[in-house]
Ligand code: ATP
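The chain that follows stands alone, in the form predicted alone, written as structure tokens.
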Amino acid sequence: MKPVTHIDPQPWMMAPESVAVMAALHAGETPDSDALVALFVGGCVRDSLLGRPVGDIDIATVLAPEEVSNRLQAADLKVVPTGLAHGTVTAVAEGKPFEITTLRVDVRTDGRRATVSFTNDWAADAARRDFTVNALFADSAGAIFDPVGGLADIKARRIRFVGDAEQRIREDVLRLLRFFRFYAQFGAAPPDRDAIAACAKLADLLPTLSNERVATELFKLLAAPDPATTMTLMSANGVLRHFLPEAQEIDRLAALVTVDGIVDHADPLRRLAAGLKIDATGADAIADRLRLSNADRARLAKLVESAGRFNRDMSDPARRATLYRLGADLWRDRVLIDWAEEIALGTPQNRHTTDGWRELYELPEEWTAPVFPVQGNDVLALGVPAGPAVGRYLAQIEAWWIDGGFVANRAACLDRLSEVIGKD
């Protein structure tokens, strides 16, 4: 395998930890040997060519996993046997992990996992990868190796399966969702025809995936610069209905993406809520399906509430009462979603409307909700026995305090509490 082009060595290639790992893998090799021992592969190469920040660094090698471990240990590098059955060893250098995988070919696949055998054939390893843009290799000097035509696809921002698209998906159904996620992250229209056709044909295989794997891909897609365009593509090709049929408000999601760019950062869970047409029961079902944490489950339920929607004409007392009940974070979420709703419904947007929504969004920075000055012990001190009645009295006095504009001090609240208890 010969390089097809060169790039300037990247900072991550020249970082001390990268140099240490590559030096360990090449230890004992003759300097004049033309044999390729280890190359950077996948996302780190792809993202460098796209001018994107590089995160994880993966390495492919002709060395067997045992030899990889031996050479790393000889160089006093930490070794973690993360996936020996699949040829993967993780090296840790200066606290940074490097996933090192022996070249391999698939022996058998079942749509979720593969049985592999090891090889020293770089082209064969590239041929089993998912997308051409993920099958690019690079050495430490910046030489780029391209066995399957990924470089042209990088330049065209085209997401294309390696080889036969249907076969790649049947080997691992998650690749179907990964196609759309990568398309959302850095693809350009029009999408690859063969890829779209294969995804549409095999979308009914999506329910065979674990919920956790689906959720991971979904939230990565939602974090992309423009997930709405891609989700529209998924809907048009019958993909969404197999794993997220509730996504029926994509116009609102598209509007939220615009609003995010004006006042806030992208938040995948907020974007999910904006794209859904559900009630609290539906939110609970989706939380189960996507294995959401308890905190995210509760937040999603609040974000999809249709009652009490915001509008730019809310009075100051209503704004403050709502902000007090919701808290600053949920207040901002609801403002952005309801602003997006207005846009999706076709309400003309101008400087007046934008300023009105901005004013709502920025209220937590201008007004700090006071602390309710009465506690449960105050109710008990007035002779109310411990139990549900304590909470009911507190809620009643708090509502009175809120309706009064938060102006009643502790003494006034206690007087009102005593009065209410005395009447019961």
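In this text, residue numbers run from 1 along the sequence as written. These numbers come from a predicted model, not from an experiment.
Omitted from view is the form predicted in complex with adenosine-5'-triphosphate, to which the following refers.
Partner contacts here mean any heavy atom within 4.5 Å of adenosine-5'-triphosphate in the predicted bound form, and among 382-390, 42-50, 366-374, 352-360 they occur only in 42-50.
By the criterion of a heavy atom within 4.5 Å, residue 175 is counted among the residues contacting adenosine-5'-triphosphate in the predicted bound form. Among heavy atoms of residue 134, some come within 4.5 Å of adenosine-5'-triphosphate in the predicted bound form. Contact check for residue 341: no non-hydrogen atom falls within 4.5 Å of adenosine-5'-triphosphate in the predicted bound form. Using a 4.5 angstroms threshold between heavy atoms, residue 96 stays clear of adenosine-5'-triphosphate in the predicted bound form.
Here is the short version: of 129, 252, 271, 334, the single residue with a heavy atom within 4.5 Å of adenosine-5'-triphosphate in the predicted bound form is 129.
Looking at 181-197, the residues that come within 4.5 Å of adenosine-5'-triphosphate in the predicted bound form, counting any heavy atom, are 181, 182.
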